[in-house]
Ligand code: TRP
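Shown here is one chain on its own, the form predicted alone, set out as structure tokens.
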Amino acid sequence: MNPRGGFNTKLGFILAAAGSAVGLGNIWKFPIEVSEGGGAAFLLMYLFFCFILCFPVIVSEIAIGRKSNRNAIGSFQKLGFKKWSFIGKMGVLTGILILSFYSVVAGWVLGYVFEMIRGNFQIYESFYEYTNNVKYIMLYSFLFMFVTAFIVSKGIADGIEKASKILMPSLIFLMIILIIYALTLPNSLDGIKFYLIPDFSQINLNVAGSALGQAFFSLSLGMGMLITYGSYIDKDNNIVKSAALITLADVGIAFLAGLVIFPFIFSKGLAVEGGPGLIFTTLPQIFESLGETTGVLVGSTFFILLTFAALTSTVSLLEVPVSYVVDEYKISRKLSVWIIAFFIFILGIPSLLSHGEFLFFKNFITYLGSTKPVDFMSFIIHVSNDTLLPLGGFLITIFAAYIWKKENLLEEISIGNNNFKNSFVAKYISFSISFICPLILGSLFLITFLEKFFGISFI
């Protein structure tokens, strides 16, 4: 067993790693992207990019972590490339920034659980007043961060692994229940047709770019999360098999989300609204139309599902900086967890305040080439999700292929997988990590950076 602690079972690792990828983006952002991308045509491209582009990056991150047996920063130092540890530092920073705003959105979701239980479906009419209720949102965000910190403080096997073995099956069970119910609604099959029958004329560069971005971001690559989790597994773990199962789990949850959302939306003939409006304003209207008893049951179940999805991600996001502090500064896990969690909670307060009357955070910054100010939370999202994640992914592929050398990468992957070296998968990973991934991720970083901060569009 890993002296730093580790996963007791291979299943525990896969569920935890898959949980790190599964989050709010799978449940509500993915269906929005599908809708804007023309339905099933987007879905096919998303699946293609997940396995062609993201799979080799997942394998590389896990291999780096297992070989080094260290955190996201210490891994590069342990492998003998101290100067390249800046990738890990950037990854830790990215995770902290993401968790700072993610915990606020998770607080919104947790609050909606209680609103649905109360039968307060009319909250969709006052969503923006709801997000501006600082006292309650701060309480919900604090509760969510507290639960996250409590799980992480228990360690890998007794905390993260045990929680994942409960949360991930519960998440899938709740989604299946909602799918079965959604399919009983009138016109629900129209939603299924839109979702599963492709119109290939919808495929263009915009759709391809959106599918690529969604695939990479949904798997939370580029921040060292899987490097950290990889450092907690034993040498007999088949990295290729684990990476495939992690990818399948993440894709599967996103796919099931579409089977929930589109029958609901089409059953009422509603337009699919972008952004947070889908889950916080559109769906409560649908739940209200189901009748009080059914609406309370279905609505509260849906938001409990979202809470579970958010929790699987926040646990992993917190583990990245915690692992670094525990490894490098020899501070106890419990103390590290509570200090870092409190710091991130405080860091998230400006994001919490940016959706109301606090004009400083609401109109926080105006980018070059734009006249419209951006709120603080959006700014943090643009910096972390849209910029640092693809940059981190690009740099990790460069490191794996050309600095650590792909021969060493393939050697590590082959441990626990005797037939790997001469397989087609080995040849593909070698080629992809050397050429395809750096080219596409580098381009994705450059395009999103210039579009978000300078208003320069390439499509």
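All of these numbers come straight from a predicted model, not from anything done at the bench. Note that residue numbering follows the sequence shown and begins at 1.
Just so you know, the form predicted together with the ligand exists too; it's not on screen, but the next bit is about it.
Q: If the cut-off is 4.5 angstroms on heavy atoms, which of these, L97, V337, L317, V251, is the one near the ligand in the model of the complex?
A: It is L317.
Q: Looking at M223, I246, I160, I261, which has any heavy atom no more than 4.5 Å from the ligand in the model of the complex?
A: Going through each option in turn, the one that passes is M223.
Q: Quick one: does L444 come within 4.5 Å of the ligand in the model of the complex, counting heavy atoms only?
A: No, L444 stays farther than 4.5 Å from the ligand in the model of the complex.
Q: Against the ligand in the model of the complex, would S313 count as a contact residue? Criterion: heavy atoms within 4.5 Å.
A: Yes, S313 is a contact residue.
Q: Decide whether A21 counts as a contact residue for the ligand in the model of the complex under a heavy atom distance cut-off of 4.5 Å.
A: So A21 counts as contacting the ligand.
Q: Does the ligand come within 4.5 Å of any heavy atom of S351 in the model of the complex?
A: Judged by the heavy-atom cut-off of 4.5 Å, S351 is well away from the ligand in the model of the complex.
Q: Among 142-150, 75-83, 211-219, 116-124, mark the stretch whose residues have heavy atoms within 4.5 Å of the ligand in the model of the complex.
A: Only one stretch passes the 4.5 Å heavy-atom test: 211-219.
Q: Across 375-410, which residues bring a heavy atom to within 4.5 Å of the ligand in the model of the complex?
A: Heavy-atom contacts to the ligand in the model of the complex: only L389.
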